[in-house]
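As a starting point, one isolated chain is supplied in structure tokens, in the form predicted alone.
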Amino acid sequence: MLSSALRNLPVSSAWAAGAFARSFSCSSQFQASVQPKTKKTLGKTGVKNVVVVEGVRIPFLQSGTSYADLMPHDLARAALQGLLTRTNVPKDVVDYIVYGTVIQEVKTSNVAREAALGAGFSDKTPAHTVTMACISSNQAMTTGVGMIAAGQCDVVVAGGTMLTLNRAKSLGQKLSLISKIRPDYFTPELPAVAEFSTSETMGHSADRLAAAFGISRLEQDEYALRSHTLAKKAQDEGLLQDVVPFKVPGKDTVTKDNGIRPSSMEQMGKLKPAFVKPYGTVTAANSSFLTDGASAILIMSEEKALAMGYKPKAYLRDFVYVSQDPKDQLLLGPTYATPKVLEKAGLSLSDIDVFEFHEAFAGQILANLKAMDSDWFAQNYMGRKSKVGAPPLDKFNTWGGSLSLGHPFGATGCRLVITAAHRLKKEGGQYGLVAACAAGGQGHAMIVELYPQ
């Protein structure tokens, strides 16, 4: 089914029409790709090597569950404490802390600073918060990379946090809220934040994108089921090493993600369209769900990491940010970012051993794969002579993705990077490519290189 989704372009679409030269096969999507690598390193003369020492995240939970009574800085603090516990890095050697977030709580607008103080970092350690929608923690990481490469810092902690805020905290507030409830409030409805520039929700845009590329409901459900199946397998096999336990105040210790739910095509097929009703193809089952969570990653100059006795996991190499039309190409960031970052690094798609792409919607992923494999799209919309090609699915998100693991808007980027590093080591690869779309028609891509074992 997925093969046909990536092969057949709809003639009804004005901007996605055109034939593909070849089909994209996914018959081996569940097979591992393990080969010895003898490729060159991507280090550049006169540029400091920046390395990932460790990355962690607290379990990603469906919004409104165990984290419901907390605040965003509580989750960020827990991630920072988990990073400190795992690395034993002395707090006073950290030069700077950068955190990404999307939905800001007004009392802690600089959530990086509040979380750092709560985690026990020195009040002399500066911290600031960045926001760039779903690539906010990507921006936090690359901000840290820039600080280290410029010689301003040697040790930076980056991360991201997201909590769907519950404003009714006290008993009085909750009773007041209950008194205002009407029967029609119980009608199920997915959260839908509209794009300011277009007044269109991301889910509605995803539905239009899937239609433009001729991606069926069945194919989207199939991809979503793949994500959940692979995530469950990775969770059961202990591959999600970045997850650290979190003792929720007044509640039990949370040890694993709670949104992984392998279902069946039959059950998924029963759900109604969530955005374009009644004929849309995007549903709750093939969309990423509202998620609470936080992540943290320790990055250093290579010299500093080795001097402190650490064995880095990976190098952070070239990265790019892109922007495009926020109406018809809102979710195509990976399509635009991937060829640019490959060119910066002097690599081709075939050089990449591991792909970790953010899964906002199944239709969004399939549309990107199809656009990446289209010479017509590359020539007419990207100003390129030819397509970059579509990643083979046996290298693509093989431990699950945002559809199954969850997507705390501000925290996903760090998960992508550390997962890529872990997969490279596990699968015997050298280069990983991380990519994500974001609200506003923006996107990001980065090359991650395995540290020599």
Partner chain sequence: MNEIWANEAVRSAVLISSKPGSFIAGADLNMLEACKTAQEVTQLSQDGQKMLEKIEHSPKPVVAAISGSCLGGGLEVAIACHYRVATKDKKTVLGTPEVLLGLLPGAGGTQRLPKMVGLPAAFDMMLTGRNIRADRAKKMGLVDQLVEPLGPGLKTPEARTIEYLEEVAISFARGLANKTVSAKRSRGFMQRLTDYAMALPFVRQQVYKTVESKVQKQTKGLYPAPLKIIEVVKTGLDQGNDAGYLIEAQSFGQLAVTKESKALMGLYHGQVHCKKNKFGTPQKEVKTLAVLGAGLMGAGIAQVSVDKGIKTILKDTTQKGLDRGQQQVYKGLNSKVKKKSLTSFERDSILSNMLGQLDYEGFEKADMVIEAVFEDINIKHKVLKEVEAVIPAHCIFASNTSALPISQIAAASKRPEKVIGMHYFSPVDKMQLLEIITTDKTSQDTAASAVAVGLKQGKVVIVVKDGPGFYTTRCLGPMLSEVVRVLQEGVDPKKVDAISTAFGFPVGAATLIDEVGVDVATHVAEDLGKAFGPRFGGGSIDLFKLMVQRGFLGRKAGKGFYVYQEGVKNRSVNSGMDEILEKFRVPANPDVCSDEDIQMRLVTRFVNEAAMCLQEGILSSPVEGDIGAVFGLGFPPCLGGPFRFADSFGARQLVDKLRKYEAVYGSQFTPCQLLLDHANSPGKKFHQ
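In this text the structure is predicted, and so the values were computed from the model without any measurement. Residue numbers count along the first chain shown, from 1.
Only in words, not in the display: the form predicted in complex with its partner chain, which the text now covers.
Proximity to its partner chain in the predicted complex holds for none of E54, V89 and G146, with the criterion being a heavy atom within 4.5 Å. Exactly one listed residue, out of Y315, Y96, F357, F377, brings a non-hydrogen atom to within 4.5 Å of its partner chain in the predicted complex: F377. Between the options S227, T338, Q329, T291, the residue in contact with its partner chain in the predicted complex by a heavy atom within 4.5 angstroms is Q329. In the predicted complex, its partner chain lies within 4.5 Å of some heavy atom of A212. Contact check for Y381: a heavy atom falls within 4.5 Å of its partner chain in the predicted complex. Using a 4.5 angstroms threshold between heavy atoms, K304 stays clear of its partner chain in the predicted complex.
Put simply, P278 is close to its partner chain in the predicted complex: some heavy atom of it is within 4.5 Å.
Note on the interface: of 77 to 85, 156 to 164, 245 to 253, 202 to 210, the segment with non-hydrogen atoms within 4.5 angstroms of its partner chain in the predicted complex is 202 to 210.
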